[in-house]
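So this first bit is one chain, no partners, the form predicted on its own, shown in C-alpha cells.
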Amino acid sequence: MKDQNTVDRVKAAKKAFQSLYQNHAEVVAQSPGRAEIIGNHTDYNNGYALSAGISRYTYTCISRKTDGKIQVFSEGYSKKPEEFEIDNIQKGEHAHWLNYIKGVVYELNKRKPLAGANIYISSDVPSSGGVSSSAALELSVATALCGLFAIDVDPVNKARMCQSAENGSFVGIPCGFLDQASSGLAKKDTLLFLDFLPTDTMPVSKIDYIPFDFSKHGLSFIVMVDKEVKRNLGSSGYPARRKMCEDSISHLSKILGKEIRSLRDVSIYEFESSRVKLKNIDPVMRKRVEHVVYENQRVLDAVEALKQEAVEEFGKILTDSGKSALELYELDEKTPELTKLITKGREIDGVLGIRNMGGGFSAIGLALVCQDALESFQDELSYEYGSGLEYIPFELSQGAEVLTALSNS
C-alpha cells in the first residue's frame, strides 16, 4: 500500500499530464533518492558500502508517441515542454536537467528503438541535499520507458545503463555505481549491501539485502544539509585522495611482500603492521589508507550489528565512520562547516550515530535519531550551527518501480 503522499502526488501528476498533453498517461513510475548509510570512499577502493532508498521520490508519467521525438515537462525546471529527436540527440547548453533524460533515452534506444513519448516529471527529491536527485530522475524515467515500450532489462543492468547515461557525453559526471544502484535496487525497510569488487561484467560482485525496520526501534534517519556550501568534487581534493589510495598499493605490496590489487586486500592487522613504514613514506597517505581499511571493516561490523539488532552498536559505528572521515580522510578540507555540523550534532541528546554523507567537501550529514527527539534535534542543531540547514527525515524505501499502468486504472 502506498503512503498518502505518494497517492496525492501521483494523482496530481496524472491530472497535470492530462491537462498538458491532452491525453492520459499510460504508465507512472517512481524512483527514490538515496542515502549512503556507511561506506565512505570505499567504492573506488573495491570495498563495501551500505545504502538505502529514501522516502522522497521522482515520479514519471508517460505516454507513447510515434513521431520519433521525446517531449518532456518537469515541474521543477520547465516553463514549457522541451523536445528532442530520439535519433539525433544533442547535448543541450540550456535546460541542463534535460541532458540526464537524453542520456537515459540514448542508452535505452540502443537496446530497443523507441517510437517517441510524452513525459511529465514531478519530484520531491531535493536537488541540493546530497541524496542523488539525478539518479532518482534517471531511474524513474528509465523505469517508465521500459514499462511503456516493454523493454526487458533487469534492475541491475537498468541501474548500470543509468550510470552510463550520467557518465556519458550528455552529462559527463563520473559518478560511481552507488547512486544508481541504490535508487534502482533498494527495498522498503531494508539496507542495500554492495561489494564493489568488480567482475568481468559487473561493477559489483555482490548485492545483498539487510532487512531492518528502524521505526520499530523508535529510530529515524535524517539528512542535514547546508545548501549554501557548494559541493564540487571535480575541483576539490577528491581526485587527490583517490590517486593517493591508488599510489599506496605498490608501497603496501612491497611492505607486506604480497600482491595488493586494492585496499580491500589489506586487513586491519596488515595495515597496523605497515603503519610505521607507510607513515615514513608519506604520513598523509598513511591516514588515507587507515580510513579506507577501517571503513571497510566498519561496514561489515555494521551488518553484523543489525543482524543482532544491536542498534546502539550500529549507531556507534556510524559515529566512528564520521570521525574517521574528518580526521583521517579530511573531507572537511575548505569546508569547515562540515566539521561544525557533525561535531555539534554529536553532542545532542537522542543521537545514536552521526556522520558525514557522500564524498565530502560540502556540509551534508546523516544522523540516526530517536524519533521522540527528532524535533528537538533539529531545533538544537539549528541553534548551535546557525541558519540555513535543511532537514530530510526519511524511511528506508522501495527502489524504482512502475506504480500503475494508467490505461488499466
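One rule holds for the numbers: they count along the sequence shown, beginning at 1. Computed from a prediction, not measured in an experiment: that's the story for all the values here. The term rigid core refers to the most C-alpha atoms you can superpose between the two forms while keeping them within 1.5 Å.
This next part talks about the form predicted in complex with a small molecule, which is not shown.
Only one of 72-80, 118-126, 178-186, 100-108 places residue heavy atoms within 4.5 angstroms of the small molecule in the model of the complex, namely 178-186.
Of the residues 238, 193, 170, 212, just one reaches the small molecule in the model of the complex with a heavy atom at 4.5 Å or closer; this is 238. If you check the small molecule in the model of the complex, you find no heavy atom from any of 378, 384 and 391 within 4.5 Å. Contact annotation: residue 41 falls within 4.5 Å of the small molecule in the model of the complex, judged by heavy atom distances. Under a 4.5 angstroms non-hydrogen atom cutoff, the small molecule in the model of the complex lacks residue 365 among its neighbouring residues. The small molecule in the model of the complex is not approached by residue 345, whose heavy atoms all lie more than 4.5 angstroms from it.
Using a 4.5 angstroms limit between non-hydrogen atoms, residue 359 touches the small molecule in the model of the complex.
The rigid-core alignment places the CA of residue 242 2 Å or more apart between the shown form and the other one.
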